[in-house]
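Here we start with a single chain on its own, the form predicted alone, put down as C-alpha cells.
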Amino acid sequence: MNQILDLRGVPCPMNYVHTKLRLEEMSEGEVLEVFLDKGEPFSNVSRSIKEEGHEIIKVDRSEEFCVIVVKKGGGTNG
C-alpha cells in the first residue's frame, strides 16, 4: 500500500527532511507519494531523493502543486 506525505506549504529544506524521515521508516521497494509546492520545493526534493538512491517512478504536476511517486531504494546510507 502506498504511503502519502502532504508537504504543501512546508518550506525548504524541511520538506526534504520530512521526506527522508518517512522513507527511513519504510521498507525497500515500498512506494511513497509526496505532495509538494511547485518550484524550488519540487526541484530540491526530487534531486535529493535521487541522490539518496531512491527511484522516482512518476511525477504529476497540477497548476498549484506536484506529486512525486517514489519507490524506496537501498539508499546511500544503508
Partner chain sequence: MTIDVNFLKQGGFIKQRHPDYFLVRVRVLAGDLKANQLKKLSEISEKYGAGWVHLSVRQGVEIPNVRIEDFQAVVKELEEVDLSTGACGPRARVILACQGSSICPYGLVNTKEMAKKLDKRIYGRGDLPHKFKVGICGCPNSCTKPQENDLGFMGTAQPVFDEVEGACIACGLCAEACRFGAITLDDEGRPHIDLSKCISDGRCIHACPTGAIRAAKIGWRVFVGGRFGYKPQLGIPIMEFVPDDEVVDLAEKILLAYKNLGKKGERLRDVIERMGVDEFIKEAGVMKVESDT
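Residue numbers count along the first chain shown, from 1. Everything numeric here is computed off the predicted structure, so don't read it as measured data.
The same protein also has a form predicted in complex with its partner chain, omitted here; what follows describes it.
Visitor: Give a yes/no on whether Val17 approaches its partner chain to within 4.5 Å in the predicted complex, heavy atoms considered.
Guide: Heavy-atom contact with its partner chain at 4.5 Å: absent for Val17.
Visitor: How about Gly39: is it within 4.5 Å of its partner chain in the predicted complex, going by heavy atoms?
Guide: Heavy-atom contact with its partner chain at 4.5 Å: present for Gly39.
Visitor: Even though the partner isn't displayed, in the predicted complex is Ile57 close enough to its partner chain, meaning a heavy atom within 4.5 Å?
Guide: Residue-level check for Ile57: yes, a contact with its partner chain.
Visitor: Hey, which residues along 44-71 are within 4.5 angstroms of its partner chain in the predicted complex, non-hydrogen atoms only?
Guide: Contacts from 44-71: Asn44, Ser46, Arg47, Lys50, Glu51, Ile56, Ile57, Lys58, Val59, Arg61.
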